[in-house]
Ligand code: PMP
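Let's start with one chain on its own, the form predicted alone, as structure tokens.
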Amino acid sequence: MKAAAAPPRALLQAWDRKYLWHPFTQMQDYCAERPVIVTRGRGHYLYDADGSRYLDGVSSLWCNLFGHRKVAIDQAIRRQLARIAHSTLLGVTHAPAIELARRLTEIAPSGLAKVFYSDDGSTAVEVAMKMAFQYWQQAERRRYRARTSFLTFTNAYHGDTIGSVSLGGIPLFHGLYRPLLFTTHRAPAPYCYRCPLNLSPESCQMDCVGEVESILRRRQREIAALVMEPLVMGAAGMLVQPAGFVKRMRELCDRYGIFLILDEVATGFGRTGRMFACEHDDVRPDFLCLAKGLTAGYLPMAVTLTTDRVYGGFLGRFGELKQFFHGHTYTGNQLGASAALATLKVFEEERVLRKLTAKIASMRNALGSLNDIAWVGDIRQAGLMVGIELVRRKTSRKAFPWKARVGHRVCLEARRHGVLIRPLGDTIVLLPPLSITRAQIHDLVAAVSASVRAVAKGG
């Protein structure tokens, strides 16, 4: 049967403005612009209703790993759809969820032996947070039950549900909701370009570690876990942590007897050059939160991995009420699990991680061409995760006024060069699919360079 023709572009645009409310978008401004209406995708490109083609420079919000319409994943979803699309995981089970849990524990850092499914990054983090809290509440020693709070970082982002927002530290995203949130203990995050301790990279001995230890020393009896994004703090502007920082956090958690929760929603599945960012420091967390790339950007699915120690703390007789009272309608969904299994198979069969070394080097070399642009203040890269911070004055690192919307203007200009990207304030984010070619990396950076120069020329 022939597919029905899509409504004409003008009608779609009118309906978009009338009915849709877009996330993280000032709709008054959006409705004054001509939107990109995506109609299809193929490989690393998106195609819109005007027939224009765009290189997907941010992997459709950091989740697409191997391009659009990856045959192996398409086929896996179709095969599963021919059997069943969804059934609950509450009290019953099914093969895709079982097989995926086994595979995840095989590739995760050792010690992570149990898998809990949820729907997205926010919920994966909330699962870890609630598990850590409940574990200490069910501890045999009463003194551990005072561990009801969490240690987090400034500039942190862990999602948009109320619990994950409580762990966040970006005023723009989280400040308005403070009356709704629980209090956390907050340490300064490494931001070497704008050091919160006013130190220079040459003189700094990772002094921010001392700030974390100071809080733990004073608050260890009340902190359940330290929650962090390892190696790269994504939504903060791709802030790359100093080498060894994650390892130092693991050592502090061990010293003070608290859990370490690593949010690898953005950094997991090859984004930093390793399967998981914590592998760079050989760190084994107590909780590992994953989403985005888990299904290669095909379907919403998330997991929280944890240890046998944590799992054991929830075992008991039914009447003790130790079970984890948390779940989602689509927990462990068969289609999502099938997509995830196919994703892991692609990693293995196509040797994806081995091929990243050359691409990461190509990205680094290409980014060097931006250093002569007056507005480019700092270029941060970890693997294929890149943040280009634009500043008004390079010497003083003075930021642009927020209302100038420089980052947004650069991204609009990039569309004219056939690239779709999205900024974080005035930081231009590049996060292409892992399968991007070296030639496409050059095209992506060249488009950003031309766009920044064009906007800078216009003032």
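Just so we're clear, the structure is a prediction, and the values are computed from it rather than from any experiment. The numbering used is simple: start at 1 and walk along the sequence shown.
Another form exists, predicted in complex with the ligand; not displayed. Remarks below refer to it.
> Looking at 157, 259, 150, 269, which is the one with a non-hydrogen atom within 4.5 Å of the ligand in the predicted bound form?
Spelling it out, the residue with a heavy atom inside the cut-off is 157.
> Heavy atom within 4.5 Å of the ligand in the predicted bound form: which of 184, 122, 331, 80 fits that? Just give me the one.
For this set of options, the contacting one is 122.
> Looking at 114-122, 133-141, 312-320, 360-368, which stretch has residues with any non-hydrogen atom within 4.5 Å of the ligand in the predicted bound form?
One stretch meets the cut-off, namely 114-122.
> Considering non-hydrogen atoms and a 4.5 Å limit, does the ligand approach residue 388 in the predicted bound form?
No.
> Does residue 286 reach the ligand in the predicted bound form, with heavy atoms at most 4.5 Å apart?
No.
> Quick one: is residue 265 in contact with the ligand in the predicted bound form, heavy atoms, 4.5 Å cut-off?
Although the ligand is absent here, residue 265 would touch it in the predicted bound form, with heavy atoms inside 4.5 Å.
> Please check if residue 54 has a heavy atom lying within 4.5 Å of any heavy atom of the ligand in the predicted bound form.
Residue-level check for residue 54: no, no contact with the ligand.
> Taking heavy atoms and a 4.5 Å limit, what residues of 270-294 are near the ligand in the predicted bound form?
Going through 270-294 in order - heavy atoms within 4.5 Å of the ligand in the predicted bound form - there is one hit, 292.
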